[in-house]
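Next comes just one chain, in structure tokens: the form predicted on its own.
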């Protein structure tokens, strides 16, 4: 049999899909394209309605084929969404016990497989679940309360992936700053930094309420921890932050980011922002715009608010139309575009270390800088997974162009 896994959602879902792939191949299945698969697994996400809508459209498309494949749904899915989608799937799989005995061509299995990863990136889940109960988020209801893996286990997995040649290590958790695997998160980073080898370490996601000067110190002093920080703010208005149950103010957030930037020259900061949260006025949105201008983010992942059943915000009256949400989203996108254009322009002529990640359809190599900026350059496919020094020759708002520097 041949299989295909379709993944919606964040890096944690991608990490789980890598484990699913490993398990399926141990059962003798071969990876193939979506159209040729006999067995299609959709690893999904209910955090945003848009993801649920895309998933539903995809499974409807698959089921219309003359000979539809066997299908299974797993992942971060609300019970409401499971009930709606059940008619389209042959199997609805619990996240922890992915393949019960009832699937005849698979042995019973749990999500403990060594992931089938693609170089150079290795996603390592260090914790699952969440205790924060942000009013818009379903994660505590789909993945449960926080549970951390033992530090020793995480470090051993990191050692193994680095020995196998992975160069981009991502530590994943809904709130890595509250990691409780026997050591503080900052000390876990220090232990991984000690591992021999040439590699980078990134982590996501960090909650501002738990972000500390100790983590700033680790980024500053540990060579292998990248100068890249993803710190979701969600809103720049204190009243909205309170309604979101975020447990910090905009001033506290700005203080944390400014301290980090002061201590770590060249730090890249990305964030998440929700536009159109119930009750968000034009003035409150303007406070978010003001914060974006003050901080100068390197990337903003913008989400238009969508109500999710079981969350506290689900019972709040929606006051912002979809059209207005899109308008606010566009304003933030334009601010980011202008800001990045100026930042990237300043990099022209500089030589920057880049990790090559893939070959594009136009036969150009694509890579990432330490600050997670995309770079395009010419070179042989053999450089994928390797660090190269690139002289920046061109720029746009969303990326850089360059050429390999021999010096």
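Numbering follows the first chain given and starts at 1. Bear in mind that the values here come from a model prediction, so they are computed numbers and not experimental data.
Keep in mind that the form predicted together with S-adenosylmethionine (SAM) is not shown, yet the notes after this line are about it.
- Heavy atoms within 4.5 Å of S-adenosylmethionine (SAM) in the model of the complex map, among the stretches 163-171, 77-85, 331-339, 202-210, onto 202-210 alone.
- At the 4.5 Å threshold, heavy atoms of residue 47 reach S-adenosylmethionine (SAM) in the model of the complex.
- Using a 4.5 angstroms limit between non-hydrogen atoms, residue 306 touches S-adenosylmethionine (SAM) in the model of the complex.
- Mapping the unseen interface onto this chain, residue 125 falls outside it, with no heavy atom inside 4.5 Å of S-adenosylmethionine (SAM) in the model of the complex.
- Interface membership of residue 284, defined by any non-hydrogen atom within 4.5 Å of S-adenosylmethionine (SAM) in the model of the complex, is ruled out.
- Here is the short version: of 227, 234, 178, 148, the single residue with a heavy atom within 4.5 Å of S-adenosylmethionine (SAM) in the model of the complex is 234.
- A heavy atom within 4.5 Å of S-adenosylmethionine (SAM) in the model of the complex is found for exactly one of 295, 218, 139, 300: 139.
- Taking S-adenosylmethionine (SAM) as positioned in the model of the complex, the only residue of 243-269 that brings a heavy atom within 4.5 Å of it is 246.
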